[in-house]
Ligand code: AMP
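Only one chain is shown below, in structure tokens, and it's the form predicted on its own.
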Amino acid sequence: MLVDFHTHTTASDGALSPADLVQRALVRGVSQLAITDHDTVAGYRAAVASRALASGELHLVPGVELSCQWSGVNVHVVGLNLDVDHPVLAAGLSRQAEARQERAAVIARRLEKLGLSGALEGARAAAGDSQIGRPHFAAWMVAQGHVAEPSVAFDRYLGRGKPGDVKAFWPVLEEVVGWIVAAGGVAVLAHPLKYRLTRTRLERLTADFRAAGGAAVEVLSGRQLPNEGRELRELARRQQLAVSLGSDFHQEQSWAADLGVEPRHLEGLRGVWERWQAPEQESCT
């Protein structure tokens, strides 16, 4: 059994269309899939509207990945199995879209001061109908020959602590968790180790997340070391949280995880998918 509760499409910063992502999941044998684009449910809606799910071999879970702030740190929270039409969530997503546009303008102004003119127009063109984000600035930089590849753009201009790392526009953690809970969804703390927090601060973040209504933590997100998985399982156990799994798939790359994760080695922890999983599937985990 393969599941995947953290993936991206062209609705945000992924390379595959929603229909193509679903098709890839079917080929891979994924039985449960969540499309969790950044601050939008457009990818999920497009997948539902496509004919890719006609076979019934794949359960598509409504999802989204929301940006927020906690103690000055940019944090991501995945919302799963939520009502994508709920007015509270819709209002929140509208705010996120506006924040992304305002943030993009600030990033562009900062890059302009570094001699990179035309960044906003270029990033908007790269984004097209997608939610604009730093990867689109990186794509523009590559196309213009400013950098050789997107990773260099992040290392020099867009990554943590660089001029393009703008956090101020995101709402606080408690607010976005509230949107997910109001929409009947399950809030999951995404890729906790990517925030590069000390153990003490990570414990505080997770405790605050749980106090806000958070229900689960990702113990596997893409490729990670075995000791990292053990650390996150212990974190979930200490904070009495369920666990979630995902590839954080954006595109096919040799160094990145492909779609689909086996729900193994959970060591007695409850998988978040058990909240909506059919009884006859439970023996598979």
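The shown structure was predicted, so the numbers you read here are calculated from the model rather than taken from an experiment. For every residue, the number given is its place in the sequence shown, counted from 1.
One more form of this protein exists, namely the form predicted in complex with this ligand; it is left out here, but the text below deals with it.
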item	value
Heavy atom within 4.5 Å of this ligand in the predicted complex - residue from Thr200, Ser151, Ser117, Ser94	Ser151
Single option in Gly122, Gly133, Gly185, Pro192 placed near this ligand in the predicted complex, where near means a heavy atom within 4.5 Å	Gly133
Listed range touching this ligand, judged in the predicted complex by heavy atoms within 4.5 Å, from 211-219, 122-130, 173-181, 74-82	74-82
Contact label in the predicted complex: His250 to this ligand, heavy atom within 4.5 Å	yes
Within 4.5 Å of this ligand in the predicted complex: residues from 76-104 (heavy atom criterion)	His76, Arg100, Arg103
